[in-house]
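Only one chain is given next, in C-alpha cells, and it is the form predicted alone.
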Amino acid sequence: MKISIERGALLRAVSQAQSVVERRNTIPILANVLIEAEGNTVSFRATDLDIEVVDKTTAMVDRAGATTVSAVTLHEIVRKLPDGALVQLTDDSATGRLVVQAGRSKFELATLPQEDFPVMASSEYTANFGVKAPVLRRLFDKAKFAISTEETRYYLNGIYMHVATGEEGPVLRCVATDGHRLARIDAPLPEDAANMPGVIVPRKTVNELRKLLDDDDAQIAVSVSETKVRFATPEMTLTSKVIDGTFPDYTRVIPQGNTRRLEVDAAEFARAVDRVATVSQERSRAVKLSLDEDRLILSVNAPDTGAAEEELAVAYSDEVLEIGFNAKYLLEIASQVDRENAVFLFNSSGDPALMREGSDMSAVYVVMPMRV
C-alpha cells in the first residue's frame, strides 16, 4: 500500500479512530486502526468491539492495499506535522512497518496483519430513516448531561431513543436520567421511523456521535435494530451495540400537578446560582430558592466557609415557597435553555420540580429537591 494524503484530512480521520480505541486493552489489535486504500479512497476503521467507526476520505492511491497501525501513535504524529503538509503512507510488508513521511520528517511504525482486525458483524436493521444533523444534535446534546455514571444501574448509562406520543402526535424522543434529574427531548418523527424499536444508546457512542453532527447541512442516515444502532454520513459511519437492558418507565417521575409557576431569565439565573454556590466547598452544594411575589432569593449557607445570598426579579405570583436543589444540577439544566426564559413548575418543597424553555413543550427537565 502506498498513498499520499493531505494532513488535515488524515488528522480528521485518525482523530475519530483514536478516540474509539481503548487505551488499556489485552488485545493488541484493538489499539490499531485498519487503513484500507482502493481507487482514490482510503478508509480508516477502528473498534473497541462495542463501537465501530469507519471514516472515508479521498487520497492519491499509488498502490492499493491494507494494514493496521497504532491509532494513538499515528494520531500524535499527524497532529504534530505542519498544517497543509502532504503525508505519504507506505506499507512495507517485508519489514512489517508503515513508513510515514512528510517533508523532511520520516517515521516507521510497527504494523499488525489486517486479517487479525475484527470487523463488527452487520445487522439486519428494523428501521432506516434520515434525520438532519441539527435535529439529532439537539436531541442528544440536551439529554446527555442527565446520563447516569453509576455502573450498577447500567441501563441508565445511555440515552433512551424511541418513538413516543408528544403534544401534537408521534415524536422521536430521547430520554436520560440518573435518578436525580431527567431530560426528555422531542423532535418531529422522521419518515420511516414509526416501526423503530426503542434502544438505549451508550454514553461513549453519544460522545463519538457528536463528531458527525457538526455540519448543519448534513443528513444523517440512522439505522436501528434490537441490538445495534448505526449513524452514517457519506464520509463516516458509526455503528454501536446498544445497552442490553430495559429503560425504566420515566413518565411516572414527570410531575403532572405542579402549578406554582416561576419564570426567570435563564442566563441570569444560571450566573446567580454559580455565584452563590461559590462559598460552598461540598460537592453536593445545596442552593435554597426562596420564592415570594415576583421575587426569588437564592442562598447558600455553608457553616464551615460562609454564606451567600442573591435576589432576582422574576415572574411569580403563587404562595411563598422554599425549596433546595443541588447547584450543579440547576446549572446543568439552566444551561440547556436556548430561549431567553426558563419556566419552573413547583408543587411543594419535597416534590420534584419541572423545567421547560418558555412555552416550548418539546424539551422537559425534572430535578429532585434537596433538604436545606
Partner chain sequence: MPALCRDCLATFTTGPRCPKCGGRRVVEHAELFSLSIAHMDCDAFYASVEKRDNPALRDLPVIVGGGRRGVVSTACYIARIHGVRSAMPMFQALKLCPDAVVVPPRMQAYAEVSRAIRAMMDELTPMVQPLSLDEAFLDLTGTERLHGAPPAVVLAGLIRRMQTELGIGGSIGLSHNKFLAKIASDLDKPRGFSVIGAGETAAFLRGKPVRLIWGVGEAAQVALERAGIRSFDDLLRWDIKDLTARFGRLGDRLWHLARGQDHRAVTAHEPVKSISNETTFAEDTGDADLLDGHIWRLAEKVADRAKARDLAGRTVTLKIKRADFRLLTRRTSLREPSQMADTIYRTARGLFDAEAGRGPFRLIGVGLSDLCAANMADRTPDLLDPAAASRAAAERAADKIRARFGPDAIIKGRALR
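Residue numbers count along the first chain shown, from 1. Only a predicted model underlies this, so the values are computations on that prediction, with no experimental measurement involved.
Heads up, the form predicted in complex with its partner chain isn't pictured, but that's what we're talking about next.
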Output flag, Asp50, Glu124 and Gly245 jointly within 4.5 Å of its partner chain in the predicted complex, heavy atom basis: no
Can you work out whether Gly179 and its partner chain are in contact in the predicted complex, taking contact to mean some heavy atom pair no more than 4.5 Å apart? yes
Although the partner isn't part of this model, could you tell me whether Leu136 comes within 4.5 Å of its partner chain in the predicted complex, counting any heavy atom of the residue? no
Does Met1 reach its partner chain in the predicted complex if we count a contact as any heavy atom within 4.5 Å? no
Since only the chain is shown here, I'm wondering whether Leu212 would be in contact with its partner chain in the predicted complex (any heavy atom pair within 4.5 Å). no
May I ask you to choose, among Arg271, Lys106, Arg79, Arg153, the residue with a heavy atom within 4.5 Å of its partner chain in the predicted complex? Arg153
None of Ala286, Leu112, Val100, Val163 but one has a heavy atom within 4.5 Å of its partner chain in the predicted complex; the exception is Ala286
Only one of 220-228, 144-152, 126-134, 191-199 sits within 4.5 Å of its partner chain in the predicted complex by heavy atom distance, namely 144-152
Residues of 326-358 having any heavy atom within 4.5 Å of its partner chain in the predicted complex, listed in sequence order: Pro352
